[in-house]
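This document starts with one chain, in the form predicted alone, laid out as structure tokens.
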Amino acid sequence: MSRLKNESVLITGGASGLGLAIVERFLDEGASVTVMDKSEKATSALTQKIKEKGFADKLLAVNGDVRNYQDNENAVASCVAKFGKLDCIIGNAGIWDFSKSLVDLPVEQLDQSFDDLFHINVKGYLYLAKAALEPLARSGGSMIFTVSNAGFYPDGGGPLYTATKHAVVGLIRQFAFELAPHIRVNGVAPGAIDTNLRGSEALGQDEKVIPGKMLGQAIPNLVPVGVMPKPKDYAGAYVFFASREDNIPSTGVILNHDGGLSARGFTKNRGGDKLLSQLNIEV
């Protein structure tokens, strides 16, 4: 069943990683998708990939920087011009701080690295929401924002990244209050993910990507589900929140879609490793 048939969706940071997985899933679900991404190279590759899958008429790629309000406004206007309306925005563009701790943050880089993280991870969402307000109110649509396990727990990043994701939690709850009952506002908080999230230019991290070999090897032993999820494994949560059929009761909700971090034990990661043998189940 195509749960998003005839829906028009705008996704920031949609040309790679988690954003790309969301784009592909939404197209499969019947939506028309506008992607706003800073990288012209990435949007060109995205356009070609989607064309090869037969969805060329359902995709619009727009280059823009989420830190610039006019770029957000242009993406919204371009979406409405091509598809006639806007039903859902997904604020997804973001950067990490590679868990740079307070003691390791150079004083001379604090100001610019703070701006790097907050301008992309928080102001970018604020700008997108503001730019999309009128068309979403007209369509009775929704907003979805990518949070992180770092929005709820320590050690999902350093103080800068963790602070931005806590701020996003606040934005979602405040937006949900201010915009109800006309626009629903929710969030998805992924845990570990096999993607290519980059870091702060001020910290020299803009060419680094996660997960990295060590993290990829460690995660299966750290989360109860026992795997390093791929971007596509998270995409269904966004479909649920965007759906006009499945998500009528939800606003101000953030799904901790984190591999079971809140279910970890005190002395060990999980308790079910021997379950199948105890039940005499062969695998």
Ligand SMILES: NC(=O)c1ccc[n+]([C@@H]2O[C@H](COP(=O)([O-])OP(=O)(O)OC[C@H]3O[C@@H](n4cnc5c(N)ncnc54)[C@H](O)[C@@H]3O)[C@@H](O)[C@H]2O)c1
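It should be emphasised that the depicted structure is a prediction, and the values quoted were computed from it without experimental measurement. In this text, residue numbers run from 1 along the sequence as written.
The following text describes the form predicted together with the ligand, which does not appear among the structures shown.
Report task. Please name which of the stretches 26 to 34, 46 to 54, 240 to 248, 60 to 68 has residues with heavy atoms lying within 4.5 Å of the ligand in the predicted bound form. Result -> Of the options, only 60 to 68 has residues within 4.5 Å of the partner.
Sort through Leu203, Ala163, Ile120, Leu179 and report the residue having a heavy atom within 4.5 Å of the ligand in the predicted bound form.
-> The residue in contact is Ile120.
Which pick from Ala192, Val76, Ala129, Ile183 sits with a heavy atom within 4.5 Å of the ligand in the predicted bound form?
Partner contact (heavy atom, 4.5 Å) among the options: Ala192.
(message) Given that the ligand is not shown alongside this chain, does Gly94 nevertheless sit within 4.5 Å of it in the predicted bound form, heavy atom to heavy atom?
(response) Looking in the predicted bound form, residue contacts with the ligand include Gly94, since a heavy atom lies within 4.5 Å.
- Quick one: does Ala15 come within 4.5 Å of the ligand in the predicted bound form, counting heavy atoms only? Ala15: yes, in contact with the ligand in the predicted bound form.
Q. Closest heavy atom of Arg198 to the ligand in the predicted bound form, within 4.5 Å or not?
A. Arg198 belongs to the contact set for the ligand.
Original post:
How about Val147: is it within 4.5 Å of the ligand in the predicted bound form, going by heavy atoms?
Top reply: Val147 belongs to the contact set for the ligand.
For 232 to 246: residues with a non-hydrogen atom within 4.5 angstroms of the ligand in the predicted bound form?
Residues within 4.5 Å: none.
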